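In structure tokens, one chain follows: the form predicted alone.
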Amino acid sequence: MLGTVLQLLLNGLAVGCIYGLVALGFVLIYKATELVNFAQGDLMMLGAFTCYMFTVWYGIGYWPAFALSVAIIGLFGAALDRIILRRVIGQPQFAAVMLTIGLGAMFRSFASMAWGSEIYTLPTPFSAQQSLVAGVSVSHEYLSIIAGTVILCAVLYAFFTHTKLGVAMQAASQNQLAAYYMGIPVKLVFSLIWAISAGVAAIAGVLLAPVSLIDTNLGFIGLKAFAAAVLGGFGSIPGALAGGLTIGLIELFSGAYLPEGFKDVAAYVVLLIVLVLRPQGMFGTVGRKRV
């Protein structure tokens, strides 16, 4: 019994880390531009496919392919901001939402044409490796997800806290006009935020690929990641990670102990309860505007 609980806990934390990373991308973009990017999950899917292409088709090692995938998707995210998304800033939110939904559909169509509709497996140095800890079989793939999330969060925290560029990004996200008057290149900063967000999504996709396999529907995980961002408090970076972990654990435990079929809706039931009792989410704050 204890072994089963520990196994579910480990797997739930790993899945929750993926949700948290994708939710982190939602939050970074929203804090900077107040735009909700519903193509975030599809950027994760493109990152997984890109790493697969470099690793399997071109025979590049896993780690160089990992780095190349993150760099390419990050640059792609910056290009999206500069060429397309920057032009809808100031437009009604509905227009921006529909644009990102449309972009997500385009990304899925592109992936289907480029890589086909088959389901692929990404070979990694952790594939088919397990360790026995306290009677629990621990998959190295799940451990790599958790370790990768911890390292990435530490790097992002250090970047946003201890570098001039990171502080400039925080300033631009809090008050664009004041940041502009202080000499911060706001447009460039926004493109960098989109690049970081897309890069984080690519990392999530590559980490998840060995566990869930790769297909064009992988990006729909973004819907659960969006729920995680709302649950944690939209606009809160710690909340995005906490929301992702919460939904991951709820999914795994409800799938094991609740009736069949409840696993897929359990996270949304909890989300509705939280929004009724605390609309701003777990880590969010209530905003007030003076008029």
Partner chain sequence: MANAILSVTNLETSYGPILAIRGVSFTVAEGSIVTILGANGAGKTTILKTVSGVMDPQKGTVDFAGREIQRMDPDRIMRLGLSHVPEGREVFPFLTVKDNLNMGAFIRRDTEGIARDLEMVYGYFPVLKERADQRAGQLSGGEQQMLAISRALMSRPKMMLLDEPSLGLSPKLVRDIFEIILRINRERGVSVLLVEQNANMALKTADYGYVLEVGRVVMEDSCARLLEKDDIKEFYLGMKSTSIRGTRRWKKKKTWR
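Small disclaimer: the values here were computed from a predicted structure and weren't measured. Residue numbers count along the first chain shown, from 1.
Form predicted in complex with the partner chain: not shown, discussed below.
The candidate spot formed by 102, 110 and 112 lies out of contact with the partner chain in the model of the complex, as no residue has a heavy atom within 4.5 Å of it. This chain lacks the partner; the member of 211, 179, 72, 153 within 4.5 angstroms of the partner chain in the model of the complex by a non-hydrogen atom is 179.
Distance criterion of 4.5 Å from any heavy atom to the partner chain in the model of the complex singles out 167 from the list 167, 98, 84, 119.
Although the partner is absent from this view, residue 171 contacts the partner chain in the model of the complex, with a non-hydrogen atom inside 4.5 angstroms. Although the partner is absent here, residue 184 is a contact residue: one of its heavy atoms lies within 4.5 angstroms of the partner chain in the model of the complex. Although the partner is absent from this view, residue 137 stays clear of the partner chain in the model of the complex, with no non-hydrogen atom inside 4.5 angstroms. Contact annotation for residue 175: at least one heavy atom lies within 4.5 Å of the partner chain in the model of the complex. Stretch-level contact analysis of 141-149, 159-167, 196-204, 85-93 against the partner chain in the model of the complex, using heavy atoms and a 4.5 Å limit, identifies 159-167.
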